[in-house]
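Here you'll find one protein chain in two forms, each presented separately as structure tokens under the names structure 1 and structure 2.
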Structure 1
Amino acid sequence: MAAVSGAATGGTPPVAARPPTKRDPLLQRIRSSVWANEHHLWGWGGRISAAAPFVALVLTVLVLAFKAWPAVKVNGAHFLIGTDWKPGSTYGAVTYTNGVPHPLGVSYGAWPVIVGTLESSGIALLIALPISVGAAFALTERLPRWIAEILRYAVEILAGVPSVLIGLWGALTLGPLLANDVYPFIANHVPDVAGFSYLKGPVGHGEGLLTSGIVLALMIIPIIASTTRTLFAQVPPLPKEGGEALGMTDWEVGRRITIPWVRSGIIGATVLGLGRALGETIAVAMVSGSLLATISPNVYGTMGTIAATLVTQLDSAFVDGTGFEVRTLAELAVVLVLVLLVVNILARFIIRRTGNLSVPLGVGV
């Protein structure tokens, strides 16, 4: 009756249902197979993703070791304890040692740049760690929320500033400022006692060990501070409130509860920052003076680091037609990898030791 009245009144007749379209059998089989094996695909995908960084690291080290092996046969143990960096006569006759061709008179020693790497990174860590932990504590515990958010964004922006810009600022602004106004005051007023003589002596022109350490500290503060702030934010409020109820001051709550609660995480964040400092290239090359065969006589003297040596010497290394200097730089890169490996092993050991020393208030409750 409805259909007749619709036709009588000029209405639109009902549209018949469209038959279901056939899917492509191949696509349907693929989709069914994916859904049926979804669990296995996720499992294998996770395994591959987890193994990819390790495989990349192993391949990198193997390539460097393969490239560096001829230099190892020629340089020997002298490479680790030597203090000279002589590429020899690149335009003279080629000589052979243990079957490896190299220019006559080559002598490479990496000890000064190894010391410079460790000294500059150590100075950076001494400056950056207390500042980073203090900034993280202030951002999570002391400052109003709106101010903390602004400062948090500022720290994150600082972490994203390219190292070449920080190095340029250090070479053109920070270094001369320190050499003219800060270093002379320190060198002239430091007490003349044992242990402080390293802070006396000529201050130079702003390029050197202390300037490199300050620049590196500026670069690793955002890394340590951001990670530590996240760790502090995860500390449950109940133990802190319990400490305050027992009469602890804010400093005591932070020292006895907050910091011990995330102590292992702080050490891990410190290792991340130290790894950045050990491997920094351009910024250090611009403010260190990049001297290869000299250990800084005082904290203001010019020096070099492993990473800065790699970036500053690579271009001239291609002049050596035998390729021996390039192989020596590969050997220097292997030394840097070993330094990073030792640092990480020590950090793991410290984390295990400190994790078992004491249990912060509230754990296990």
Structure 2
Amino acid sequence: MAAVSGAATGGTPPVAARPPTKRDPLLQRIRSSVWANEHHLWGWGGRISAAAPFVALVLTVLVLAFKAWPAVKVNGAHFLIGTDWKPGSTYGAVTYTNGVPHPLGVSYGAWPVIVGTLESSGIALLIALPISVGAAFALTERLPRWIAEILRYAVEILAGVPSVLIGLWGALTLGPLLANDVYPFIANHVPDVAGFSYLKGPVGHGEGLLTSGIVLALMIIPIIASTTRTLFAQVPPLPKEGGEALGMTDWEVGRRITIPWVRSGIIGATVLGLGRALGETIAVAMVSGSLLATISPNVYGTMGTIAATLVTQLDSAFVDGTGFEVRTLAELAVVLVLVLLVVNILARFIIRRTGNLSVPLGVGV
């Protein structure tokens, strides 16, 4: 074909036809039939992969539930309301309750760590929400572009820094600083009003509830700030300009127009942040004191959370020859996972109604 056309135009000399490359016809047929059906590969690989997270989710719940069921039968309702954590005598005789083997004298009550989880996450939300919304507002003001860039990078790094490093900073730098200089000041100067008694009393050494709350706040700020920033950017300019034309100040535009416009989105982002705070493990284990059967009397005292208990107690749970303590920890994990499923589904539901926003990937404010 090439030679013919070359001869017809007359200019170029005819090119010698290349000898056909030798190929194994069978291999060639297999290869071409594979590539001809490439869309099946994408389709089925995609179907299986897209189903993988759902399968993992179901398996996670099932494995924990199966492992925890015997512990549920022994611990009963005391598990949710009890305030003691006694692994029993590991050297004594194995006893049976409802057919489940366990050491003599076990008594597991998770109420203190449940309270600790809720308290520390609540403090984290109280701190993180105003800071995140405020920082997002700072970006909507007429600030130089490089300040916006700095915030973008800061949030990204904050979202990406390993929690063990934030825990290290909280335990070695922030905690001692607060306990030496800040907590005593607060404890000595709060007024003697009934509601403020939690802010009084011994301030400890920097490990405890308030320190955990502050560290948790730092870890959920990226989630709330990035979502709020995106939401603010979606508020149409006309209502805001209208407000300014009526003579409203920036504060009034923010409070009367911007925030009401995206309120449910901010609530959704806050619930997402709550989910992260409830499940955060390593940093809290490093700054809370990781106690098991103690509810802190004030905001400074040492305490524990469910997630921190899981990571700090599993080692010693191996000592229990009947495996009962591991089952109890699985029960604790079931409580945490169920709470988080509810919280996350709730957050999805709120956010879906406002627009399709996702978990911030760590990139992009």
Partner chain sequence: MSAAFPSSRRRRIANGAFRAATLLALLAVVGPVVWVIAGVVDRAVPHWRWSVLTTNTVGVSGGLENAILGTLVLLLGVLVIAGAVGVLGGVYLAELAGFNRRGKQRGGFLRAATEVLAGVPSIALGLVGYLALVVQFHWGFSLLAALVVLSVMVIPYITRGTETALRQVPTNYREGAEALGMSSGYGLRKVVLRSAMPGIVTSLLIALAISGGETAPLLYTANWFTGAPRAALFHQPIGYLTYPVWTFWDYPSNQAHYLAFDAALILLVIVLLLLVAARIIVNRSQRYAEARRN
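Each form is matched to the other, and the largest set of C-alpha atoms that superpose within 1.5 Å is called the rigid core. Please read all numbers here as calculations on a predicted model, not as lab measurements. FYI, numbering is relative to structure 1, first residue = 1.
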| property | result |
| --- | --- |
| Number assigned to the form predicted on its own in this pair | 1 |
| Large Cα move at V326 between structure 1 and structure 2, threshold 2 Å, rigid core | no |
| A52 C-alpha shift between structure 1 and structure 2 of 2 Å or more, rigid core reference | yes |
| C-alpha of L314 moved at least 2 Å between structure 1 and structure 2 on rigid core | no |
| Angstrom shift of the Cα atom of V339 between structure 1 and structure 2 (superposition on rigid core) | 2.7 |
